[in-house]
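A single chain comes next, written as structure tokens; it is the form predicted alone.
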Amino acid sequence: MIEKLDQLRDVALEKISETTGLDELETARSAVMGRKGALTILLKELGKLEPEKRREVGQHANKLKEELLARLDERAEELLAEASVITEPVDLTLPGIKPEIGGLHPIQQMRYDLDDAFLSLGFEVFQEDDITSELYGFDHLNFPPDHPARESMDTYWLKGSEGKSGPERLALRPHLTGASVRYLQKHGAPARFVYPGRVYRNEQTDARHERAFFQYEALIVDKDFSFASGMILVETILEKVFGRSVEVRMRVGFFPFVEPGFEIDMQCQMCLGEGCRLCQHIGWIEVMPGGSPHPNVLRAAGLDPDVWSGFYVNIGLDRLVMMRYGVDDVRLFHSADLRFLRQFR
């Protein structure tokens, strides 16, 4: 048995010395010391030996194993040193390879631009988790119990929330608006803050809609805040984003969390009001709902609606980015296609 180990030692050391690369060295290691290697197979015969002989052979095998491991490490260092030696002349004056430089995603850049715009107007930037509850996503926002938005056909409810309600029924947030109640409960009024983030809707995708997209909400809560001031705020923000005055219109609209409520449209920047695929040939595109916080929402936040009012807008961030860069399909921004995204660096 000892003679077999010595023969294996000679063959293994010769094979290790002949290796010319790290991959070849790893192959040699596996052939000798792997689970199906020559040494492993040989050591399985130890159980057939007498106890006294088994002890002697075992000690010899351990020394052989240590010697082979040391030689493997030594040969690996030799190969690394050989690989680092420059064998051909090198012109050090030649320019190197230009490193690939990344950049912000255009939606993230738009968000930062809006942050700067709102911060300059005295707003605070607020954020919360992507997971919300039925309590903050619907109950506090004046959604009736039978509202269709509560159904799984619209909202992604988390597994394990079946049969639960209120704070125990969890979902990927379908909108950011629940954050307004959470913020006001903690900080009270007057308040002036924005809260950007991704939201999730179970809906069909097309050129204007995605299942996961970005919103940017802004809320002012104060005493006797006028709608005229809110409209000036919207126009100011859009002018800041696009670098020019943008025509805006406000239409009556219904949302459970505002009263009165409005749809706020901007002139389509793709066609400048002429009509195109993106705006469905009407010249206008909806970019945000708006209105005054509903009295029930203010009560849920612990505020007296007879004292406090305000102005709320929810900006469709993806659509603003489409307008800024003249892209007519929102799905391109979520495709992770670097050929498309590199042009915005």
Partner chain sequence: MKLSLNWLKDYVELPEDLTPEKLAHDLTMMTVEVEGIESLADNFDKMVVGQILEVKDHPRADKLKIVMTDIGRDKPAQIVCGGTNLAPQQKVAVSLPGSMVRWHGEGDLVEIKAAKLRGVESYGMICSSGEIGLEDLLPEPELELIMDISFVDDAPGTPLANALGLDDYIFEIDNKSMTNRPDLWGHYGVARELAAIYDVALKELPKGKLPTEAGIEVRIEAPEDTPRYAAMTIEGLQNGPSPFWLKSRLMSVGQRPIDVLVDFTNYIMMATGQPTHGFDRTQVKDYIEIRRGRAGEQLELLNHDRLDVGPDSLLITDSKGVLALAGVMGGKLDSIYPTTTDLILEVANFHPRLTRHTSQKFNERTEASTRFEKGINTQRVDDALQYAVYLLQVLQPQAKITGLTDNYPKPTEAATVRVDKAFIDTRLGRVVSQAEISHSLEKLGYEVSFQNGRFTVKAPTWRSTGDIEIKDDILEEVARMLGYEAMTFVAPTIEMRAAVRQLDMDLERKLRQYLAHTQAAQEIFTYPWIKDELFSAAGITAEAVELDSPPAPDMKRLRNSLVPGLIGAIDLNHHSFSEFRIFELAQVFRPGDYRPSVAEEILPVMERHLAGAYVGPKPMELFRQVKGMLEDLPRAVAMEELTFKQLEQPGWADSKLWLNILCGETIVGVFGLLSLRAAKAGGIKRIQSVIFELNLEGLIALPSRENSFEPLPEFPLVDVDISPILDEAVSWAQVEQIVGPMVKRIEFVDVFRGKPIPEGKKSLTLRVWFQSKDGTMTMEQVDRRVQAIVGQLKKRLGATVRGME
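Positions refer to the first chain, counted from 1. What you are looking at is a predicted structure, and each value in this text was computed from that prediction instead of being measured. For clarity, a rigid core is taken as the largest C-alpha set superposing within 1.5 Å between two forms.
Just so you know, the form predicted in complex with the partner chain exists too; it's not on screen, but the next bit is about it.
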- Query: Would Pro295 count as a contact of the partner chain in the predicted complex, using a 4.5 angstroms cut-off between non-hydrogen atoms?
  - Reply: yes
- Message: Does any part of Pro174 reach within 4.5 Å of the partner chain in the predicted complex? Heavy atoms only, please.
- Response: no
- Message: Contact with the partner chain in the predicted complex for Ile237, defined as at least one heavy atom pair within 4.5 Å: yes or no?
- Response: no
- Please check if Val90 has a heavy atom lying within 4.5 Å of any heavy atom of the partner chain in the predicted complex. no
- Task: Among 267-275, 74-82, 139-147, 237-245, mark the stretch whose residues have heavy atoms within 4.5 Å of the partner chain in the predicted complex.
- Result: 139-147
- May I ask you to list the residues of 55-77 that have any heavy atom within 4.5 angstroms of the partner chain in the predicted complex, in sequence order? none
- For Asp129, is the CA shift between this form and the one not shown at least 2 Å following rigid-core superposition? no
- Task: Note yes or no: does the Cα of Cys279 move by 2 Å or more between this form and the one not shown after the core is superposed?
- Result: yes
- Task: Verify the C-alpha shift of Lys159 between this form and the one not shown: is it 2 Å or more after superposing the core?
- Result: no
